[in-house]
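In the form predicted on its own, a lone chain appears below as C-alpha cells.
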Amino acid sequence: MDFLELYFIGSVLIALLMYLVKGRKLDYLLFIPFLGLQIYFTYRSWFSMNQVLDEYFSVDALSMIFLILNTVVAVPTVIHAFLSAERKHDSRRAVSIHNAALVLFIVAMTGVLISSHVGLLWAFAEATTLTSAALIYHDRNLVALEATWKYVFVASIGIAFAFLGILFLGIATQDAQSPDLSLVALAKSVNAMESTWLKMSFLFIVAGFSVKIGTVPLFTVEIDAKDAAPSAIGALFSGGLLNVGFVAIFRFYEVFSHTEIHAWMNKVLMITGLTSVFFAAVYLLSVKNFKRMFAYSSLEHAGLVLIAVSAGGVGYFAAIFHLIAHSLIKASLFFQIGQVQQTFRHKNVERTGNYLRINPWGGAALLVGFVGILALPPSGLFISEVLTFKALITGDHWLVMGLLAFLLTFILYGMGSSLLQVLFKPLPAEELTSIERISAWESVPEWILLLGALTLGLYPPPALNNLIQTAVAHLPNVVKL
C-alpha cells in the first residue's frame, strides 16, 4: 500500500471509528492518528512533487503550497473544536458526527488539491459540500438549520454549474478528437478546441466554484455558513476551502491561458473580483455581527486574488502569496473571535468592549490580526497588495486600480471602527466582573499562525518564493521576482 492509498483508506477508517465510538474524549483522541496521517501525507507529497502518484492524482508546486496550508490550519482547528465542545458540553452524538465530518472535509479538500483529472476534482469539490453541511449544522439550532439547507441547496447549484462547465469542455475535447479530461492531456490539446466552448466552460466554472472560493455570484451562502458554524469551522472555511475554490478555478485558467481566450478570461476574473470587493465594502460598512464581518472580509480578499490573477505578470505571484498570508491571518482571527463570542455570549460588536483588558493575550492577537488582515505593514498581505497594484499599473488598468483603492479605504474604515470598539470601548465595572475569562494558553495557536504571517511580511522564505514561482511558471507573461 503506497502513501496515497494509506491516506485515503486510513482517514475514512478513522472517520468511521469517530462516528461509532461512545466516548467524547476517545473521539478526540482519534484526531491524533488522523493529524499524524495528514502530516505524513504532506511530508511524502513534498518528496513526490512533480511526479504522477497514479492515474488520477499528482502533486505539483501549486497543490503542494495549499496542501501544506491545509495541514497547518487543520491542527489548530482540531484544538479549538475540542475546546469549544468541552466548554459547551456537546453531546456524544453531536461530537462524533462533527469529528467524522471534519476528517472527511479535510480529506475532500486534499482530494481537490491533488486531483489531476477535472472529473475527479469536481467529485471531491462536491464532497466538501456534503461533509461541510454536518459541520455547519453542529449547534443544531434554527439559525444553523437555515444556514445548512441554504448552503447545501446553493452549493449544489454551484457544483451543477461547474459540472456544466466540464460538459462544455468535454464537447470541446470531442471536437478536437482528444476526449481525455486529465489536466496534462487538456494542456496538450486545448489549442485545437473551439474557443466558444472554452468560453462557456470557463464562465460556468467561475460561477460554479464561486461558492467555494466565496466570490460573486454565489458568495452569500458562505457568509451564512461561517456565521452559523462554530468559529473553528469558519477558520477552516476561510483558511482552507477558499484556497480549494481558487485551485479549482486556477486549474482551468492555467489550461486555457495559452489560447486566444486568455485576455477574455482576464476580463471575466477582473469584473468578478472587483464586484466581490465592492459587495464586501458595502456590507462591511454596516455589519455589526463580528463573525459575518470576517466572512465579508474573506469575500474582499478572494476578490483581490482574482484581480491579481487577471492583471497578469507579477499578479500571478501576488495572488498565491496573498492566499498564503490570508489563510494564516484569517484562520487566527476566526479562532480568536470564537473566544470573543464565548466571553460576551453574543456576536454583536456594539455589545462588546475592553477585550484587550479582559483577555490580554487574546486581545493582543486580535489586534495583530486586525493589522494583518487590513494589509498594514508588516503584514504579508501588504506585500501581495503592493504587488497587485504594481501588476495593475504595469497592465495600464488605471481605472480598476483607482476603484480598488477607493473601495479598500471603506473596508479599512468599516472593519477598523468595529474591531477597535471590541478591543478598547470602555465597559461598566459590573460587566467586567461577570464576564467569563479565557485562558491565555488558548491563544497560543493564533499567535503561531500570526507569527508565520508576520514572517512572510518581514522575510519571505526563499524556498516559498521559489515554490510560488514554479507554480505560476507555465502561465503567459510571468514576471519573476
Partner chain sequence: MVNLLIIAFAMTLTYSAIANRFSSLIRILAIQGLLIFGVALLELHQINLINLIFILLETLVFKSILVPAILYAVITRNKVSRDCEINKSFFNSIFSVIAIFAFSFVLAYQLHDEHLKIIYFTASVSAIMIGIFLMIFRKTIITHTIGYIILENGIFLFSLALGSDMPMIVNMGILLDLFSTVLILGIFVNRISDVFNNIEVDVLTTLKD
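Numbering follows the first chain given and starts at 1. It should be emphasised that the depicted structure is a prediction, and the values quoted were computed from it without experimental measurement.
The same protein also has a form predicted in complex with its partner chain, omitted here; what follows describes it.
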Contact with its partner chain in the predicted bound form for residue 402, defined as at least one heavy atom pair within 4.5 Å: yes or no? no
For residue 114, is any heavy atom within 4.5 Å of its partner chain in the predicted bound form, or not? no
Its partner chain contact at residue 224 in the predicted bound form, heavy atom, 4.5 Å: yes
Can residue 313 be called a contact residue for its partner chain in the predicted bound form at 4.5 Å between heavy atoms? no
Check each of 364, 371, 85, 200 and return the one that places a heavy atom within 4.5 angstroms of its partner chain in the predicted bound form. 200
Of these, 75, 271, 184, 171, which has a heavy atom no more than 4.5 Å from its partner chain in the predicted bound form? 171
With the partner left out here, if you bring back its partner chain in the predicted bound form, are 246, 463 and 474 all within 4.5 Å of it by some heavy atom? no
Choose one stretch from 282-290, 254-262, 337-345, 304-312: the one whose residues place a heavy atom within 4.5 angstroms of its partner chain in the predicted bound form. 282-290
Restricting to 140-175, the residues within 4.5 Å of its partner chain in the predicted bound form through any heavy atom are 142, 143, 145, 146, 147, 148, 149, 150, 152, 153, 156, 157, 159, 160, 161, 163, 164, 166, 167, 168, 170, 171, 173, 174, 175
